[in-house]
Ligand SMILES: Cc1cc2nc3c(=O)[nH]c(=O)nc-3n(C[C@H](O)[C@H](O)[C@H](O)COP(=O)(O)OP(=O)(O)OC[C@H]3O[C@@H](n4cnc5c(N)ncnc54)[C@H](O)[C@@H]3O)c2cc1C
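Here we start with a single chain on its own, the form predicted alone, put down as structure tokens.
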């Protein structure tokens, strides 16, 4: 496939979602800054400020949405079947793994993802501690390989689709998708992961995609040349982002609440970010205010040890802090969540006051099974999961094994 061409202005809030989607989807594209363009395609007027995409076939789309881009690439599909053996929600490492194993083992499988394939792992510039890749692999590339593998085995992938309501009856999950479609499956796996938390500052929303970004934002690296970049967070995603941006930015600041990185960051990343000359760690620090007119221009940091407040000029703030599990859809179901929204599974359900009322079977739940028989959880969305790519991939595969056991159990009981 030939490259497409993306036209826009670097700081446009409309351009970042397009760049981010293309980057995470491993779609090669050429970037043309409208402020510097010498020649424009027919249909794009000189002085235009709206983003535009020229597709390889020559079609020019002005001010496209992410959904339109995905449609032009042929990535949004409709359900092929009225009923599936297993529906999987979330195309991060856990969901992709589950889809590959389920379809390869003969299950009629559908994978639903509301954003880009890869989840949070897909935003990582480089994953270095995943077995089998001694030189590391970009999160988006790893996810794209898994997507292609899932398609090879016949998985239906519904991209940029979201379940808005689910109900369980007749040994099936019935889901209403945004847009009006319905999805029915005999079993399901929730692998919806977590969303990055916000700083909850008064004017935070005003600067969304205008200097404030959630996640590692690898697609912005080229636009950070000679700039000071701030990354909030002390986990692996923040550490990888800092080391990646250091190759582009003048200086990268990591804003850390605690006085040490050791408890939250893998040792190899601690050694790296503390030795790269243009990375500075701001310990005991939190963001207190954001400032700017149309775009972000500066942030105020508070040092919790000495109480000092300092303003820093910057137009790039990336927020990579702990997130909230994406489980709002479960609110009206019998699926038990902990107070933070994580799905409770297996032995962790024992002792929960609601459990005896909603569990109808004489056997206890399987290890990754929720309080609804046949509904499983894998990856970061699950209570007490290990927040690592390898663990998520393993849980996705394990969930499929348990789906087989559940379906055999139902078939025997209803035959």
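Residue numbers count along the first chain shown, from 1. As the structure is a computational prediction, the values presented were derived from the model and not from experiment.
If you look for the form predicted in complex with the named molecule, you will not find it shown, but the lines that follow are about it.
- Taking a 4.5 Å heavy atom cutoff to the named molecule in the predicted bound form, the contact residue among 144, 115, 220, 156 is 115.
- Of the listed positions (242, 102, 189, 91), a single one reaches within 4.5 angstroms of the named molecule by any non-hydrogen atom in the predicted bound form, namely 91.
- Although the partner is absent here, residue 121 is a contact residue: one of its heavy atoms lies within 4.5 angstroms of the named molecule in the predicted bound form.
- Proximity of residue 234 to the named molecule in the predicted bound form: non-hydrogen atoms within 4.5 Å are absent; the residue sits far from the partner.
- Residue 389 belongs to the set of residues with a heavy atom inside 4.5 Å of the named molecule in the predicted bound form.
- When contacts are judged by a 4.5 Å heavy atom cut-off, residue 338 does not count as touching the named molecule in the predicted bound form.
- Heavy atoms within 4.5 Å of the named molecule in the predicted bound form are found in exactly one of 68 to 76, 125 to 133, 224 to 232, 286 to 294, that being 125 to 133.
- Residues are counted as partner-facing when one of their heavy atoms sits within 4.5 Å of the named molecule in the predicted bound form; in 251 to 279 only 268 qualifies.
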